[in-house]
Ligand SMILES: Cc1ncc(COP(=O)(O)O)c(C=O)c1O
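Given next, in structure tokens, is a single chain: the form predicted alone.
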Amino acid sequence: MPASSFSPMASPKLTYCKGNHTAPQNHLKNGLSKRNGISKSLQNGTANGTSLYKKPFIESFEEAPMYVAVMTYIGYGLVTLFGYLRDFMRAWGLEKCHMAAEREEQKDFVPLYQDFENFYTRNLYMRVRDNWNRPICSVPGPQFDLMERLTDDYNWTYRYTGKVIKDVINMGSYNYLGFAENDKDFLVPVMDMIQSHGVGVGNSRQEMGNLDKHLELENLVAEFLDVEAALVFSMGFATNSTNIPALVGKGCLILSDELNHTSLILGSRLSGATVRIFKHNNMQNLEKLLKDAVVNGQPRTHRAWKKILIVIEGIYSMEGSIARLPEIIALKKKYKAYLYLDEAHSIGAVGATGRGVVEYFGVNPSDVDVLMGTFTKCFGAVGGYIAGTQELVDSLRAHSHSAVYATSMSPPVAEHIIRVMKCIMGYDGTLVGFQRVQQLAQNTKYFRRRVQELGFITYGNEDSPVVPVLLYMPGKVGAFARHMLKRKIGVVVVGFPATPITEARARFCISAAHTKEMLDAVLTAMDELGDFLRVKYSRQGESHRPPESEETNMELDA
């Protein structure tokens, strides 16, 4: 796709404002350059001496004491050692192995299973597998019901008892605004849509699957985001993985945040473009890569890149941090790059009226070339969207694999998203949507403040509804989730390889539907378990990750 398919580079029109900005160590280096029309670099979160932030931008990444890291490595070392011992016992028939194995008569074939690659799954993950894939048998609202299951062979298999664990407080779903609900009156339009349009479409948008509800939803999304046009898709993951290849290709450069979601990583690799990784939210490192890309061009030939695309997320779902959008916009304008913003977790969750990080920072939506988001979090549905200029949307409509080949969005799902979006915008004649956005902000601030007061180490931005609580040691991760479930609290725990090996954590997702009583019950349980498991590692002082201006930059050539 030609470069003109992106929205034209707008003139520098940032929303400048006064205000303090914490953690200046991640800001850009001072200096001037006249190369390629570049006139001045940012200084301490400012452009031309004017602050880019309306209010302090506070993110906490407190480091644990050294002994915690040492004990975590020792814990993984012991588990690995016992894993090799058990593999030795399985090889000699002293212990039964439940993992998939090659058939004896196929021993000369190319192996389907790599024994060493399954080592982690077989010996580490299996010990804590009971904390994942728990079957839910109700609406995943602020509380849900769980099917009780037991294991007789240390998590290799499960049997269901037929009992249901009722009213478990849900601290793991992305139900930020509480619209994953079964209120009968609220869902009347969805039921009517099933009666008139049915459930399935059975075709793509290019053929017989282009419905009136899809067009209505796209127009509403464009109005909600204050852009020219939007295009909706039936799957959030595929919105990234199949559209990035339609935007860039060979001869283009993608600058991707190191903590970007797998869908962004997959889309970048499928595109055929060169991918370079910059340190998370590190503006120094990003500018260094941009400078190198502009000055040196492509490897070997040194020709100019056809396009340079910066790919970031609004809220990072594992860290709870928010992208430094004003600074990134200033950089992309300065170096004439394009910006792809994934607002999967931020649209609806932040901003005074739920319009994501663009509204949160008060920037112009036209300064973001590609606005992407999903309907799977705040909207309680499925699917995603790409929004921007009419030229961008028309090009994707013709070239995106999801738009051309994928089955279009189910009509009742589209109706549900329309209902929720109109509620957030106030078009239903109520303040319910606005009140939920405000309630989410209040719940987030309250929960984050109380968790920090209890002595836990948390990551992320003070306004992010994703609250990672660091547990570090592998044994404590499993114990924390099990004990919380005994107290009828459902939490998500995450460890290596999804996180760095020394940063295993529990991830709490706050919802507007959570009452203060629910949050207090969770905090009380956390306080008890924090003392019992000894995971209150905070030293009551916020420290920030130091700037890394001389990082080794990873590059993936497709």
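Throughout, we count residues from 1 along the sequence that is shown. Remember, it's a predicted structure, so these values are computed and weren't measured experimentally.
There is another form of this protein, the form predicted in complex with the ligand, and it is not shown here; the text below is about that form.
Fill in: Candidate from His261, Lys279, Arg448, Lys332 lying within 4.5 Å of the ligand in the predicted complex - any heavy atom
When the ligand is considered in the predicted complex, the option within 4.5 Å is His261.
Worksheet item: So which of Tyr76, Tyr120, Phe237, Phe186 gets a non-hydrogen atom within 4.5 Å of the ligand in the predicted complex?
Response: Exactly one listed residue reaches within 4.5 Å, namely Phe237.
Worksheet item: Closest heavy atom of Ala349 to the ligand in the predicted complex, within 4.5 Å or not?
Response: Judged by the heavy-atom cut-off of 4.5 Å, Ala349 is well away from the ligand in the predicted complex.
Discussion item. Can you tell me if Leu255 lies within 4.5 angstroms of the ligand in the predicted complex, counting non-hydrogen atoms only?
Written reply: No - in the predicted complex, heavy atoms of Leu255 and the ligand never come within 4.5 Å of each other.
Discussion item. Can you work out whether Thr376 and the ligand are in contact in the predicted complex, taking contact to mean some heavy atom pair no more than 4.5 Å apart?
Written reply: Although the ligand is absent here, Thr376 would touch it in the predicted complex, with heavy atoms inside 4.5 Å.
Fill in: Distance check, Ile386 to the ligand in the predicted complex, heavy atom within 4.5 Å
No, no contact at 4.5 Å.
Worksheet entry | Check all three, Tyr174, Asp342 and His345, heavy atom within 4.5 Å of the ligand in the predicted complex | Yes, the whole trio is in contact, each within 4.5 Å by some heavy atom.
Worksheet item: For the chain shown here without its partner, which stretch in 469-477, 219-227, 368-376, 409-417 has non-hydrogen atoms within 4.5 angstroms of the ligand in the predicted complex?
Response: Correct option: 368-376.
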